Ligand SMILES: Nc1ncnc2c1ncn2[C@@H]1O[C@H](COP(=O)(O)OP(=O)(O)O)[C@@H](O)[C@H]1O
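Below sits a lone chain in structure tokens, taken as the form predicted alone.
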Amino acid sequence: MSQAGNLLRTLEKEDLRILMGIELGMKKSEYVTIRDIRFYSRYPLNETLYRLKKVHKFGLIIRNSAELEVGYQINSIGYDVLALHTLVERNVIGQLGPIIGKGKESDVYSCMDDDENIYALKIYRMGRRSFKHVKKLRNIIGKRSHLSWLYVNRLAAKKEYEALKEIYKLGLKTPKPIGYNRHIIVMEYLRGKELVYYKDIENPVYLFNEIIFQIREIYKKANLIHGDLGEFNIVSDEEGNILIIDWLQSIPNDHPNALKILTRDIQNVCNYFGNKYRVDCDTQEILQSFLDKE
């Protein structure tokens, strides 16, 4: 990501337009021919070839000459460049900071806008290893016959951003969504850490009750179930403020497997607080409080 940020300063608008042309073509094919890149970018052949050579030298695209026609595809750095460019143009961010988190499917960086507000920038990095898992468990792909890995990440970011918007507008404890583009989400940053990294918590019963209250409110008012809730995706600061993060696997509360998945989420929280802090909790009793009509 830092490489993409540095390259963005040196690229010209014509270079970005070539990258966008390849991006458009990748919706239909894995590699995009020069003829199609010309069509999407609206450049003459000489300009197209010059810009292709330039962005290829910068390491933003992959060239395939094994077929009858030479083709190109954007790599992850090129996709980062396009997303960062759009976020900067929209004044969502002005400066990229250091990495603050790394997971199986995404990386998280700090960033600032032009008013020096600090945010978290989440960039999806789902690749071939997790693709079968994504296809099996997550309703983000649909019935598309051709799908690039970059577009899978774009769909993932869109799904999480929309979930954050629905929850945050109710005043509940998820990060405030600031903006998104392609495979990147910019959101509120809480100066804390995931529960799993705390050796001790001053008032675990209070924190447990707050988490249960929040996921109950989200279930009833936003009609959403987290789907992967646990100590790795609940952030808390030293004052006991929390944010529930990572909503990619969320499902609506009328999903056929809603009850099973909701029970698992509650059980995960109970297991963590019960095993580590001896908090007394009854999964079925808590579940019933979710299902009771007010």
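Each residue number is its position in the shown sequence, starting from 1. This structure is a prediction, so every number in the text was calculated from the model and none was measured.
Missing here is the form predicted together with this ligand; even so, the following discussion is about that form.
Proximity of residue 103 to this ligand in the model of the complex falls within the 4.5 Å heavy atom cutoff. Not displayed here, this ligand is kept clear of residue 183 by more than 4.5 Å at the level of heavy atoms in the model of the complex. Proximity of residue 187 to this ligand in the model of the complex falls within the 4.5 Å heavy atom cutoff. Using a 4.5 angstroms limit between non-hydrogen atoms, residue 210 is distant from this ligand in the model of the complex.
Contact with this ligand in the model of the complex, defined as a heavy atom within 4.5 Å, is made by none of 16, 26 and 73. The chain is drawn here without this ligand; in the model of the complex, the stretch among 118 to 126, 149 to 157, 211 to 219, 73 to 81 whose residues come within 4.5 Å of it by any heavy atom is 118 to 126. Note on the partner interface in the model of the complex: the residue among 232, 58, 43, 50 having a heavy atom within 4.5 angstroms of this ligand is 232.
The partner is absent here, but in the model of the complex a heavy atom of 108, alone among 201, 88, 108, 205, sits within 4.5 Å of this ligand.
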